[in-house]
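This document starts with one chain, in the form predicted on its own, laid out as C-alpha cells.
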Amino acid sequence: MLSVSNIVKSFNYKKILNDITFSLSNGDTVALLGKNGVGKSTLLRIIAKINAPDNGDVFFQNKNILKSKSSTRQGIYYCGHAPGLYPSLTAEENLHYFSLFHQCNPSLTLIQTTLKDYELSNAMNKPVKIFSQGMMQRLKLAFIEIINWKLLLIDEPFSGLDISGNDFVQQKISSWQNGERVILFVDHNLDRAVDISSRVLLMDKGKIAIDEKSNANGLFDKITRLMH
C-alpha cells in the first residue's frame, strides 16, 4: 500500500533523513521508533505531503503522491501534534466539519455515539478551546472513527493521556486495524510500541536501522542497544 523510496531531508544544511526506504502492506501496524530529533515526525509529515523532501518518492496505492494532484492522497489521514481544530467550535461541530472535509457526511447520531465512546459526551456542545490536553487528544483520535481511511499516520497517539486513556487508545489501535489498512505510529514507550505493533521500524542516524516483525527474537535487546 505504501512505498517510501530514498527519502532525503535536511534542515539548515544538516541532513536529518538520509535515504529512508521501506514498504508497508495491508494489515501492517507499525511502530516508528528512535531517539528524539532523529526525524520521525518529519518522516510522517513528508509521507502526508505536509513537508517536502529534498529527494525521494512516496507511493500510496501505486501513485506517487509527491508528484501528483491532491486526490491521490485520498485515504491518508495524518494525526500530528498540533490539535488542528477550530477553538471556537464545539466538539460536535469540529467532528462534523472535518468529516465533510474528508468527504464523509456522518449522521449526528454517529458523531454523538463516537463522542460518548471517547468519554466526551458531557463536553460535546462546548467549545474545544476550554478542553484539557487529554480531552483534546481524545477528540483528535475520535476523527479516526468517523472518516474513511486506508493509511493512518499518527504521531504519539498517547500524548497527554492518563493511564486509563492509554489503555483505551491501545484497545482502539487494535480495533482500527481490520487487515486492509496500514497504521504507522510514533511512540516513545518501547514496551507498549512493541506490544501493540506487528512490525517495528527504528530510525538511527537518518536511516532505518531496524525493520523487523515485533515478535522477532532479540528485537527488544537490539532496540535498547541503539536507543541507549
Partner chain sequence: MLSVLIKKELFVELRNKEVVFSMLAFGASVLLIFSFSFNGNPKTMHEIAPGLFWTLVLLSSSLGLHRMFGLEKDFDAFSSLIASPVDRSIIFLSKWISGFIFLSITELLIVVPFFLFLGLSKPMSIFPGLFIVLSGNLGITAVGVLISGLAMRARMSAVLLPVLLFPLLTPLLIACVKSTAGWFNANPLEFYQIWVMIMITYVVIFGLAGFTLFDQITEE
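Numbering follows the first chain given and starts at 1. Computed from a prediction, not measured in an experiment: that's the story for all the values here.
One more form of this protein exists, namely the form predicted in complex with its partner chain; it is left out here, but the text below deals with it.
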Does its partner chain come within 4.5 Å of a heavy atom in each of Met124, Arg138 and Leu161 in the model of the complex? no
Heavy atoms within 4.5 Å of its partner chain in the model of the complex: which of the stretches 42 to 50, 163 to 171, 183 to 191, 24 to 32 has them? 42 to 50
Consider the chain as shown here, without its partner, and state which of Leu85, Ala142, Leu120, Leu152 has a heavy atom within 4.5 Å of its partner chain in the model of the complex. Leu85
Its partner chain contact at Lys129 in the model of the complex, heavy atom, 4.5 Å: yes
In the model of the complex, Ser107 touching its partner chain (heavy atom, 4.5 Å): no
Flag Gln74 as yes or no: does it have a non-hydrogen atom within 4.5 angstroms of any non-hydrogen atom of its partner chain in the model of the complex? yes
Exercise: Asn178 in contact with its partner chain in the model of the complex, heavy atom 4.5 Å: no
What residues in 88 to 124 sit within 4.5 Å of its partner chain in the model of the complex, counting heavy atoms only? Ser88, Leu89, Thr90, Glu93, Tyr97, Phe98, Leu100, Phe101, His102, Gln103
